[in-house]
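Presented as structure tokens, the chain that follows is alone, the form predicted alone.
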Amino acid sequence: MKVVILGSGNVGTHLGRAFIAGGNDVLQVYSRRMESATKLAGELGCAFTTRTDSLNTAADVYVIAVTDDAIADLAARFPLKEKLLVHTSGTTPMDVLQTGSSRIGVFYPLQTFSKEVPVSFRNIPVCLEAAAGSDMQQLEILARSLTGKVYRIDSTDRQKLHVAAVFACNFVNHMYAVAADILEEQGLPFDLLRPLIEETARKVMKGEPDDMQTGPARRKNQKVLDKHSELLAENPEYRSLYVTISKSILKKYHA
């Protein structure tokens, strides 16, 4: 399929690479910033533009891959009213694109992306939504050129999915950062935790999270919980975080 990507950040970069790897033709990259537009276009071997009124008109799908706050504004400036226009957001409703085109949809890859970190799309879920059945079929063809995990999910379910993803990814990574801070205060390396992190992830990939929960709160070991809280007394923010999460675990397993 022929694709134009509007956005040159993490998502736009990885989607561009994946579209080409899947046998599609990326015709053009749009970005407000000349430097980022030329950089991604150079990598993908396509044209670029910094003006919405200079978008290539020959694409099958136009993919908005920008921050949530910028989607509505970019859609309002989209000049090709009869072309299939989609965004890649987990939380933004599909209807925000109605000012841009009569044909709208969502192409949401459920993954965390950083430009410098390669990813394989083969097992990445792509969640689709479209206002018209024929456009949904077109998006499914495009998605299946990237991955075997393609799902039809409406805006409401996608928003809840994104909340779950924040817990599973962003919050978990923040816990890693907190753990790293605690270790650094004692002059200990984060490498001490990497085997534990790997084993925890391995177990949850093979079973249900409820069944894999361990730790003092799961065991209802109040002496250990109190000791940990005491050790965090000099950092009230981390202490509050520890107590709140421990209470949530206690409620889930011992209510």
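From a predicted model like this one, the values you see are computed outputs, not experimental measurements. Position 1 is the first residue in the sequence shown; the rest follow in order.
A second form of this protein, the form predicted in complex with another copy of the chain, is not displayed here; the remarks below concern that form.
Residues of just one listed stretch (99-107, 130-138, 76-84, 169-177) have heavy atoms within 4.5 Å of another copy of the chain in the predicted complex: 169-177.
Among residues of the shown chain, residue 200 is one whose heavy atoms approach another copy of the chain to within 4.5 Å in the predicted complex.
The closest heavy atom approach of residue 249 to another copy of the chain in the predicted complex falls within 4.5 Å. Taking the partner from elsewhere, residue 21 is found to have every heavy atom lying beyond 4.5 Å of another copy of the chain in the predicted complex. In the predicted complex, another copy of the chain sits beyond 4.5 Å of every heavy atom of residue 27. Looking at 65-80, the residues that come within 4.5 Å of another copy of the chain in the predicted complex, counting any heavy atom, are 68, 69.
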